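Next up: just one chain, as structure tokens, the form predicted on its own.
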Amino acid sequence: MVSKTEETQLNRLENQVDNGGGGAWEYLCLVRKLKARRSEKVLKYGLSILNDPEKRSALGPEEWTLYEQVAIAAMDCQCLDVAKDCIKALQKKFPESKRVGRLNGMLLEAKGSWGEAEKAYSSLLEDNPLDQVIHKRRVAMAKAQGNISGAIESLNKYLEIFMADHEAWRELADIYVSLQMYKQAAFCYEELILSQPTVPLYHLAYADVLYTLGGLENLHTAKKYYASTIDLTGGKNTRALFGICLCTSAIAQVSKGRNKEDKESPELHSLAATALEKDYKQRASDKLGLLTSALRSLKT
């Protein structure tokens, strides 16, 4: 993820290049380093260097890195002829390169030649079954075709090999949530919490899924994970504070007629409600009345 400082630096350099102040190569290097998506700018300034023999030769070996960067940007901008020319130049220089083979597969994707792209990727995977980029391209290709079941299958196969890929677990969880497959999504978030227990986003997402599933046990667990989110964020997560209040209310409704031991203490609910009111007073005082009304409607 790009930090605010890095984004400011990138925007400043982009404005400098836009206004003719030079620094196109430095800008392209920073875009690549930060993995930022500025395809139109990369295409424009990358081509300005590649089309100038003197500037291109001054890059040395980095010339081929720029060809790759421009090829990907061109595909993103649907300038497929430019992408094709860049890939041809790379193929001429590196005829046996698997990396260039991936680019060719991506070009086939961009053209909508899904069958040919699949063949290209399958061939590359035969040579290197552990190529993460190709596995991810197959997932992206399935999603692009609207084949969600295929994307799930590919992600599950990928995670059997690369179990520590947090982004893949998150993507799979998001797909399951979109399909209302909440038990499967909960499993994904459990894996994420086990591997990165101090990331509040995973605790919050897991709590949301459990709250949606409902049932007394899930609600109790959801409340615990909303509480851990609050703890990890120093009490500053508004969604988690609301989650505490919602869980407490839902538990009270589900526990009607049960033993007192099954019922929740309202203490945590009161603390969360107080924290919400304080936050709204400071940041959205005009909405405080709505918040008070909403909290009052939650029966505990």
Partner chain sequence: MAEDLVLDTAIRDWVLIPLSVVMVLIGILRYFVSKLMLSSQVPDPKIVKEGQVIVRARNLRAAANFIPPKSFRSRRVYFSNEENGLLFVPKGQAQNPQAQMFSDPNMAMDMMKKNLSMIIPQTLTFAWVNFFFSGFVAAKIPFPLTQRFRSMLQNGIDLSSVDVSYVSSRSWYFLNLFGLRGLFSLILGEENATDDTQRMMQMSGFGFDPSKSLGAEKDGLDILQHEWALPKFEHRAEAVLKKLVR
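What you see is a predicted model; the values in this text were computed from it and never measured. Numbering follows the first chain given and starts at 1.
The discussion below concerns the form predicted in complex with the partner chain, not included here.
Quiz item: Of D85, E191, E118, E171, which one comes within 4.5 Å of the partner chain in the predicted complex, counting heavy atoms only?
Solution: For this set of options, the contacting one is E191.
Self-check item: Interface residue in the predicted complex among V133, I161, L80, L179, criterion: non-hydrogen atom within 4.5 angstroms of the partner chain
Solution: Checked against the cut-off, the match is I161.
Quiz item: Hey, in the predicted complex, does E153 get a heavy atom within 4.5 angstroms of the partner chain?
Solution: Judged by the heavy-atom cut-off of 4.5 Å, E153 is well away from the partner chain in the predicted complex.
Exercise. Flag N104 as yes or no: does it have a non-hydrogen atom within 4.5 angstroms of any non-hydrogen atom of the partner chain in the predicted complex?
Key: Although the partner chain is absent here, N104 would stay clear of it in the predicted complex, with no heavy atoms inside 4.5 Å.
Exercise. Spell out, yes or no, whether the shortest heavy atom distance between Y225 and the partner chain in the predicted complex is within 4.5 Å.
Key: So Y225 counts as contacting the partner chain.
Quiz prompt | Heavy atom of Y202 within 4.5 Å of the partner chain in the predicted complex | solution = Result no; Y202 lies far from the partner chain in the predicted complex.
Quiz item: With the partner left out here, if you bring back the partner chain in the predicted complex, are T8, E40 and A74 all within 4.5 Å of it by some heavy atom?
Solution: So, no: the whole triplet misses the partner chain.
Self-check item: Location of the partner chain contact in the predicted complex, chosen stretch of 141-149, 216-224, 171-179, 88-96 [non-hydrogen atom, 4.5 Å]
Solution: Contact-bearing stretch, as computed: 216-224.
Quiz item: Within 65-98, which residues have a heavy atom closer than or equal to 4.5 Å from the partner chain in the predicted complex?
Solution: Contacting residues: none.
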